[in-house]
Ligand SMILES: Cc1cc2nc3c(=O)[nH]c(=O)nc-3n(C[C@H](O)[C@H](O)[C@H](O)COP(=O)(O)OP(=O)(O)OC[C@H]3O[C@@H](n4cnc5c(N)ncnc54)[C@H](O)[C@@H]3O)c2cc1C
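There is one chain below, alone, in structure tokens, taken in the form predicted on its own.
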């Protein structure tokens, strides 16, 4: 049976970047992707960080950049809104091309990528490695076996690898939002802002979004809390939202899936294995966004796990250095966003309006380059007299 240094399950941003980082350190890396084509189908709003942030991970290319994001607006149920102008704060992507560019970068660094490879099980950590079993879907389901010193699960929101390793369970219903998104054309030109709409008439227990792309197109979608007592389906809510705001637009594409909003994992590592990206609960629990978080977790994994491989110590105790680095970089902030999520999505429409009004006042008093979003949200929740008690109980 063939053996490699590292076996990575999943060729999304986290899987491709951690594969690249470890291959650059001289390790033999095999990356398996169950889909026939990396990045397809797209299941994402496609908004990411600034060009400077993205260039840290991948050389910039017009091929996968759909335009800048210059700010954001949040609309409450009554129409009250908060607006924040931040030129170049983010980037709208062509996510399929972006994922493919990351995978190419990994392959060029020496990573072996195989698509249409379905992983079915992982073995225990024995004799300094783990056995991986699966099927080659492009070869009539031919059996596949490989052994690796280190196994990395980068298989996204569902993460069967994480469940097989005993590091996570299937999400409880309360930690998941059901999301549906349309790619629309003939969207009126305006500011290149991310627009978010909250309220129970729009998206019960969640929010709707409008992310501008190119040539009059935009990603328009919403997520609803699956435990909310919905009178209608998510599609009904989205169709109403589109008919009201974009009556002349056509639907060019449809994207559907689950968006997770869980707290941090107790452990992202075990002997000879670790979870990277959304499989390791790295996405932002409040917004559901995860592209930059996935890349950042992969970068921390590349450093810490690379050192562990070099030293020949793949015990859970040693691999925990990766989790410590992640917690210091983003994880602690995510834990506060988890509390904010549970607070905000329990608000009724009046409380959402109060929160938006409070955000408006707080944002007006901070500098444009202030990106301490958790601090801004927390200050806003405690600024409104009618929200103080509820917020204080949730945030501390």
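Please read all numbers here as calculations on a predicted model, not as lab measurements. Residue numbers count along the first chain shown, from 1.
One more form of this protein, predicted together with the named molecule, exists but is not displayed; see below.
Peer 1: Any of the heavy atoms of residue 154 lying within 4.5 Å of the named molecule in the predicted complex?
Peer 2: Contact check for residue 154: yes, within 4.5 Å of the named molecule in the predicted complex.
Peer 1: Considering only heavy atoms, tell me if residue 211 and the named molecule come within 4.5 Å of each other in the predicted complex.
Peer 2: Although the named molecule is absent here, residue 211 would touch it in the predicted complex, with heavy atoms inside 4.5 Å.
Peer 1: Considering only heavy atoms, tell me if residue 203 and the named molecule come within 4.5 Å of each other in the predicted complex.
Peer 2: Residue 203 lies outside the contact set for the named molecule.
Peer 1: Though only this chain appears here, would residue 118 touch the named molecule in the predicted complex if you measure heavy atom gaps against 4.5 Å?
Peer 2: So residue 118 counts as contacting the named molecule.
Peer 1: Pick from 58 to 66, 353 to 361, 332 to 340, 28 to 36: which stretch has non-hydrogen atoms within 4.5 Å of the named molecule in the predicted complex?
Peer 2: Every other range fails; the passing one is 28 to 36.
Peer 1: Looking at 83, 239, 158, 96, which is the one with a non-hydrogen atom within 4.5 Å of the named molecule in the predicted complex?
Peer 2: If I apply the 4.5 Å criterion carefully, the residue I get is 158.
Peer 1: From first to last in sequence, which residues of 31 to 61 have any non-hydrogen atom within 4.5 angstroms of the named molecule in the predicted complex?
Peer 2: If the 4.5 Å heavy-atom criterion is applied to the named molecule in the predicted complex, 31 to 61 yields 32, 33, 34, 35, 43, 44, 45, 46, 47.
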